[in-house]
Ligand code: 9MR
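Below you'll find only one chain, the form predicted alone, shown as structure tokens.
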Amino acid sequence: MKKIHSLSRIALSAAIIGAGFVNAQAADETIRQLAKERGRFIGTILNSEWFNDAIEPEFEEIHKTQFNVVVAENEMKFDATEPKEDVFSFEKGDKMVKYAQKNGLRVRGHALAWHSQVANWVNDYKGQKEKLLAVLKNHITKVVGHWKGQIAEWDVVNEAVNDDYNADWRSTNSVWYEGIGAEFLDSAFVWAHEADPDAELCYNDYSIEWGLREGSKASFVVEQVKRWKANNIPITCVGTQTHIEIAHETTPQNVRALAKALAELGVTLNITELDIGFPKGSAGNLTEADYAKQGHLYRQFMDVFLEEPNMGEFVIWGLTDAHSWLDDQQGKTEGLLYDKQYNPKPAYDSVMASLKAHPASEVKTPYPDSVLNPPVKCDTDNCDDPIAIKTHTKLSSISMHLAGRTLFVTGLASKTAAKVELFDMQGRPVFSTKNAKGNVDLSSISEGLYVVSIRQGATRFTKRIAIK
């Protein structure tokens, strides 16, 4: 049954947003389901509050139902996993891995070699190259080895490029670079590969969504990937964090250009930490149009993600605005798919609309079937799939075309009426009829782009149309 969230049900306090949201997604459809059908992984973090059992019950229910990939906000970083030299703490990471296995989620590991959140004891060895190499190798070997076969992908090196206009490696405030030099990056990938030869290995950074102009971080990363590939360094993916503001409207196409550049090198591009925030001072004054604009930008990123065949993961850095680093650390606010009361925002609708506008048959996946459908790994037989993932068998003969304001549908089973639904580009329902037999009159619909969904029994066919 289709479930429409009414304005009255999800209207927020005027002191918070001043406008209600409408969510128009079917109760039997989720981001997770549509992502799986398209051979992609879409997910979000588990916030530190979750690890400490200090989060609302709605969080986990939404998380495991809507998403199929997960990453820890802080609990797999260096200071969390090796707080004392050669003394490892895997308890919280194990908690997430068990949760992921129980609920059928892919796991990202974040992050092995990073200049920030390094345990304080590492600084005792500043400038001691051989000792720092031994420390880093021991850390990577034991952390990756502990979760061998359980974590699909690691951010091996994180944020190692500086922020200067003429990009180069970060040479200050990095115990690894200052003590070892740039070779620490190459070594980190080699050691991670030795510890788990099947794991995908990423270089992850921010501000590489700003374009491939000369001197940019993105162009520098591409050149380094070329060098790594030429030298047989086992890098398989690049992660673009993509923490942006609502005004950054050109970034989706920059991400597309980066994906194409990396595709030429045989490397996957993943969006690893996306959030699209409003200026913090705007909280309480945002309008329905503001949230629609945010949704439109989320949609553009999802369109790029689904259209570039070497993009595999789309990870948002948070689930709900109630638990987000933006307000405290970034001077931004309300950058996620769910509001502070766990209501889906237009950004959620836009992500769903993009998924529906890209039929599974047209989305290429960079992953083999062994990755998309791995064997279940669980400590007990009580592994749950929180949703029934339905693979819709497509009728090869079904088709539709628009002539004027009449939609013609052919190839339907003769004895069963089809349900035809029309959605705007944010997934909001515009028109619906349950008994379509072959043609549908759309004369009452305004000009614009729409998504048509045709359902007949267990089959579904979706296509974007333009009404003129």
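For every residue, the number given is its place in the sequence shown, counted from 1. Remember, it's a predicted structure, so these values are computed and weren't measured experimentally.
The form predicted together with the named molecule is left out here; the points below concern that form.
With the partner removed from view, the residue among 348, 176, 147, 317 that has a non-hydrogen atom within 4.5 Å of the named molecule in the predicted complex turns out to be 317.
Between the options 88, 114, 228, 121, the residue in contact with the named molecule in the predicted complex by a heavy atom within 4.5 angstroms is 114. Look at 168-176, 195-203, 241-249, 352-360: in the predicted complex, residues with non-hydrogen atoms within 4.5 angstroms of the named molecule sit in 241-249.
Using a 4.5 Å heavy atom cutoff, 73, 325 and 329 all lie near the named molecule in the predicted complex. Residue contact with the named molecule in the predicted complex: residue 106 places no heavy atom within 4.5 Å of it. Taking the partner from elsewhere, residue 158 is found to have a heavy atom lying within 4.5 Å of the named molecule in the predicted complex. Although the partner is absent from this view, residue 110 contacts the named molecule in the predicted complex, with a non-hydrogen atom inside 4.5 angstroms.
Although the partner is absent from this view, residue 273 contacts the named molecule in the predicted complex, with a non-hydrogen atom inside 4.5 angstroms.
Contacts between stretch 75-92 and the named molecule, counted in the predicted complex as any heavy atom lying within 4.5 Å, involve 77 alone.
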